[in-house]
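Coming up is one lone chain in structure tokens, specifically the form predicted alone.
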């Protein structure tokens, strides 16, 4: 599994993905970690199939004792079905997740981890002095859904928003936006059910300073491609399956 440092100043952002050893037929995913001093937040840590690769990758950067917090943007198995294994490896950690999904996420073998339910309006996590925002992204695509924004690094971890179904060896950052559209158009039209919710998220995102938009699938958007994505997504009609 590849590991790339996205930001390295007073704190660090890492993305893990492009796992060449993953099981065939499993959708490729991006997992993220923020390290602030001796505390780390592991975001959308992935499905049970990538647990071993993820564990190996993160141990190159931090010790298990330093991973104090987990975040699950929503309840999908590619997001958090590894929870039962992480719970065994990190008995001291807390899980931040939308309040409405706690009873469902526990089906992934969770019995002991401390849940930190995120209210619908969002919340702030103080990670060793670094203030991280849980940004509401409800119905994009889950009915309870959040993204993570770091104002210092100017990175927005955007879950399935911005996701693309691409080859495991795809570049980590979008290089040609127009060519990238074909890799994400169907995904957004089918998995995003609400144009009203989409426009609410667009308004929130435009109010943030974002230099890197970091989705859970496919390449990340950097620099001018962040604005390209927001413009494209704003104009896209979603929820097309009902038509």
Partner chain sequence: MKKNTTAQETILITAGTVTAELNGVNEIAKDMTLGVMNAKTISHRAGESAKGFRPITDYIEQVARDVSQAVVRISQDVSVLSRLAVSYHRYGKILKTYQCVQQEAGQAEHASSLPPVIENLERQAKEDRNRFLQNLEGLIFQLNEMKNSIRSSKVISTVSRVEAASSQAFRQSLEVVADDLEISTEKIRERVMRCNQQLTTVMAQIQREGVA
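Residue numbers count along the first chain shown, from 1. All values derive from a computational prediction rather than experimental measurement.
Although it is not shown, the form predicted in complex with the partner chain is what the next lines describe.
A.B. asks: So in the model of the complex, does residue 165 come within 4.5 Å of the partner chain, heavy atom to heavy atom?
C.D. replies: Flag for residue 165 set to no.
A.B. asks: Can you tell me whether residue 189 touches the partner chain? I mean in the model of the complex, with a 4.5 angstroms heavy atom cut-off.
C.D. replies: Heavy-atom contact with the partner chain at 4.5 Å: absent for residue 189.
A.B. asks: Could you tell me if residue 66 has a non-hydrogen atom within 4.5 Å of the partner chain in the model of the complex?
C.D. replies: Residue 66 belongs to the contact set for the partner chain.
A.B. asks: Since only the chain is shown here, I'm wondering whether residue 125 would be in contact with the partner chain in the model of the complex (any heavy atom pair within 4.5 Å).
C.D. replies: Residue-level check for residue 125: no, no contact with the partner chain.
A.B. asks: Would the partner chain be touched by all three of 114, 146 and 204 in the model of the complex, meaning a heavy atom each within 4.5 Å?
C.D. replies: Not a single listed residue reaches the partner chain in the model of the complex, so no.
A.B. asks: Just to be sure I understand the contacts: of 208, 181, 26, 52, which is the one whose heavy atoms reach within 4.5 angstroms of the partner chain in the model of the complex?
C.D. replies: It is 52.
A.B. asks: Quick check for you: of 70 to 78, 166 to 174, 134 to 142, 84 to 92, which stretch puts a non-hydrogen atom within 4.5 Å of the partner chain in the model of the complex?
C.D. replies: Of the options given, it is 84 to 92.
A.B. asks: What are the residues of 14 to 40, in order along the chain, with a heavy atom within 4.5 Å of the partner chain in the model of the complex?
C.D. replies: Contacts from 14 to 40: just 21.
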